[in-house]
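Next up: a single chain in structure tokens, the form predicted alone.
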């Protein structure tokens, strides 16, 4: 069995109007990995996700998911890949939340007992079981996002693909979403592919990234390496995470020690600050004022 969950080789995708959305794209995601697909609007991120889910067929090249070519195996691929659209209204269409979440398992031909178990487990996993009889259009934006994830989880996917998951979410919903995604990965070792241009979100849910720009992969690697490449960030129209940008400025314009790789999270930033203060001549009470790493 291949260790690759997603294997995109030399893929080109041309829309019917002749617009080239992707060209010569190579992307590989190992089973259990957390990978981000980054890029500005129009870079080809959503198109790539549609290809991974088997909704689109490549104009050139090949896409394999869990060892299966997506061409000719659309149904099998969609049973293994859970795609969460950017807009929940594109995914929620039943009169009640319960019916939406149960829809997938029902269409898999499962018996009533198994459908019920899966729907209950999925709704409990996202914390929405108490709202199962509510109409989806009456849910908040954060609840709708969780509901779409629940509808996908009920299918027991091995690969979870999220398209701009933080779009239209407030801070509380965003934090809850981060916890939900990480719990799924930790408990089920589910493979995560997250496409977004929200780069402050990515360090919380991914370890490696590909950068798309104008349909081409322009960078790939660990988050620290990708975000530290100011040329790639600038040419792709992306702003590095706020903390990364701050430490880059500190490195350039102050007497702060050169920090490499640049911090991506608060914990990493606190570690670097405490390390700097420990080496400085600042008063002990000032050093103590910096909170410990969580």
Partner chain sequence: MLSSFLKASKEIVYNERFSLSNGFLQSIDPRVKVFSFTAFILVAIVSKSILPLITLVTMTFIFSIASKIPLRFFTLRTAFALIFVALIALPLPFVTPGSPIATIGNNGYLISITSEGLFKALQFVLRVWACITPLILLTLTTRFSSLIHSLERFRVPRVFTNMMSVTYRFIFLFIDEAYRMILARESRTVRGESCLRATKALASMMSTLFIRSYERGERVYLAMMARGYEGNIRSITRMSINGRDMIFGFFAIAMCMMIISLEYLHIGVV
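All figures in this text were calculated on a predicted structure; none of them were measured in a lab. Residue numbers count along the first chain shown, from 1.
Quick note: we don't show the form predicted in complex with the partner chain, though the next part is all about it.
A.B. asks: Pick from 128-136, 180-188, 157-165, 217-225: which stretch has a heavy atom within 4.5 Å of the partner chain in the predicted complex?
C.D. replies: It is 128-136 that comes within 4.5 Å of the partner.
A.B. asks: Although the partner isn't part of this model, could you tell me whether residue 55 comes within 4.5 Å of the partner chain in the predicted complex, counting any heavy atom of the residue?
C.D. replies: It does: once the partner chain is placed as it appears in the predicted complex, residue 55 has a heavy atom within 4.5 Å of it.
A.B. asks: Taking the partner chain as it sits in the predicted complex, is residue 50 near enough to touch it, meaning that at least one heavy atom pair lies within 4.5 angstroms?
C.D. replies: Taking the distances in the predicted complex, the answer for residue 50 is yes, it comes within 4.5 Å of the partner chain.
A.B. asks: Taking the partner chain as it sits in the predicted complex, is residue 95 in contact with it (heavy atom to heavy atom, 4.5 Å or less)?
C.D. replies: Because a heavy atom of residue 95 falls inside 4.5 Å of the partner chain in the predicted complex, the answer is yes.
A.B. asks: Although the partner chain is absent from this view, report whether residue 99 comes within 4.5 Å of it in the predicted complex, heavy atoms only.
C.D. replies: Yes.
A.B. asks: Only one of 78, 174, 208, 197 gets a heavy atom within 4.5 Å of the partner chain in the predicted complex. Which one?
C.D. replies: Partner contact (heavy atom, 4.5 Å) among the options: 78.
A.B. asks: Counting only heavy atoms and a 4.5 Å cut-off, does the partner chain in the predicted complex sit next to every one of 87, 90 and 107?
C.D. replies: Looking in the predicted complex, the three residues 87, 90 and 107 all sit within 4.5 Å of the partner chain (heavy atoms).
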